[in-house]
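Before any questions on how it binds or moves, here is one chain, the form predicted on its own, in structure tokens.
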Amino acid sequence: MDITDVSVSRGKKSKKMKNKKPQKKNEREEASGAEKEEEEKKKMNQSESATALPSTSHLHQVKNKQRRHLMFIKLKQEKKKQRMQLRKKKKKEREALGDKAPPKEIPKTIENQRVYDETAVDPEDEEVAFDEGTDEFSSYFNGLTNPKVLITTSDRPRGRTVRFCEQLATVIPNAYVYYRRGLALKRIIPQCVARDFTYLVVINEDRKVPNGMVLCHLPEGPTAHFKVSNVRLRKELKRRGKDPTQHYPEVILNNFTTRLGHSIGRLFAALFPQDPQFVGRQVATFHNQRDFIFFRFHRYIFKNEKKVGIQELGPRFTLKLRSLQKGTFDSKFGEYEWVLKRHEMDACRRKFQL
């Protein structure tokens, strides 16, 4: 009897254990499902926060181009907001401190980090004054000669180049436009000297677009060759003023500091009459920045003692000096004072030639 009781009791226990095992499995499955749902929710929250507050650490991992672009725009907007808030905060602090405020921080640029050039000149130096009194432009600055400019083109110029020459003739006083007609420059130069021209300006083109300028000072030179880019005619300018008048404009030369830049500045200055007519209120500006010469032509008006209104007349273009040659134009036997060697001279971004 005892044996049978023991066997029966064991059988009941085993049945109970069999019934309890599937309950534990179900509980485990439910717990694992809940954990998976929580992990998925966390991932969704992380993805939403990533789109709202993108960071550069995982931005490159986004494979969708449009979504990556939107995230990058949002990141730039947030950085801009932070900069504006910091700027406003500094402004309030400076206003609160008044005269005790620290000096403003000067941002680092390529211009103010320029490498010192040994050829930099001081306009008040005695050597510079002696060179100015004996160079090819001394007769102009002494008032002995008046500028007279001949503007021509390359062979068979297109419409855009012709219009550019015509508008350039309205900017430079005493300038005349003549077509080339297949003549060589060596034959044109003696004819210009015989007719008392002081400058010969040749506009070259490539693919119907002006791309070069030869500026030859007569009768003894020098001759400068420039690359022309970013030409915009008057019709292409927004908010342009009326056509320029025949008044002699004022000339502004900015940032020509080296000996080479000083001679190039005098080359440009001799294009215009030395006695400007301030009644016309017209200004021709040659601004040198990083060895690129930006030309602008404006008309100004004084609104009051502090404000001046400026209106661009056009055309506008950019020049890059390629070479400076002694004497008049001679491509075979000419002696060059300076030639641009791009791989050597443009290796350092903080060193400039003009």
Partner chain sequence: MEDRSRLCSVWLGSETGILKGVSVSRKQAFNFCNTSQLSRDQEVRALCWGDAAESELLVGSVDGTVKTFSVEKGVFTETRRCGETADGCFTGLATLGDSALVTCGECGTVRVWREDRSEAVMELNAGKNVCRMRQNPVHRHKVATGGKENGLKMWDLERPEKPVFTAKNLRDDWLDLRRPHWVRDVGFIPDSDKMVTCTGYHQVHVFDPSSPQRRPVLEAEYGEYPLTALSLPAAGNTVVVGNTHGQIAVLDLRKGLVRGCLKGLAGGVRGLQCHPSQPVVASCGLDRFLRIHALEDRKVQHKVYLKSRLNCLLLASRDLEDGGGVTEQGESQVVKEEEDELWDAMEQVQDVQKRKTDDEEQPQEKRSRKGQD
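Because the structure is a prediction, the values reported are computed rather than measured. Take the two forms, superpose them, and find the largest set of C-alpha atoms that agree within 1.5 Å; that set is the rigid core. Positions refer to the first chain, counted from 1.
Another form exists, predicted together with its partner chain; not displayed. Remarks below refer to it.
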Exercise. May I ask you to check whether His247 falls inside a 4.5 Å heavy atom distance of its partner chain in the predicted complex?
Key: no
Self-check item: Contact of Phe130 with its partner chain in the predicted complex (heavy atom, 4.5 Å)
Solution: yes
Quiz item: Does at least one non-hydrogen atom of Asp125 fall within 4.5 angstroms of its partner chain in the predicted complex?
Solution: yes
Practice problem: Determine whether any heavy atom of Arg259 comes within 4.5 Å of a heavy atom of its partner chain in the predicted complex, and answer yes or no. | Solution: yes
Quiz item: Which of 192 to 200, 130 to 138, 169 to 177, 105 to 113 has heavy atoms within 4.5 Å of its partner chain in the predicted complex?
Solution: 130 to 138
Quiz item: Of Lys303, Lys326, Lys320, His58, which one comes within 4.5 Å of its partner chain in the predicted complex, counting heavy atoms only?
Solution: Lys326
Quiz prompt | Heavy atom contacts to its partner chain in the predicted complex at 4.5 Å, residues of 340 to 354 in sequence order | solution = Lys341, Glu344, Met345
Quiz item: Is the C-alpha displacement of Gly143 equal to or greater than 2 Å between the shown form and the other one once the rigid core has been superposed?
Solution: no
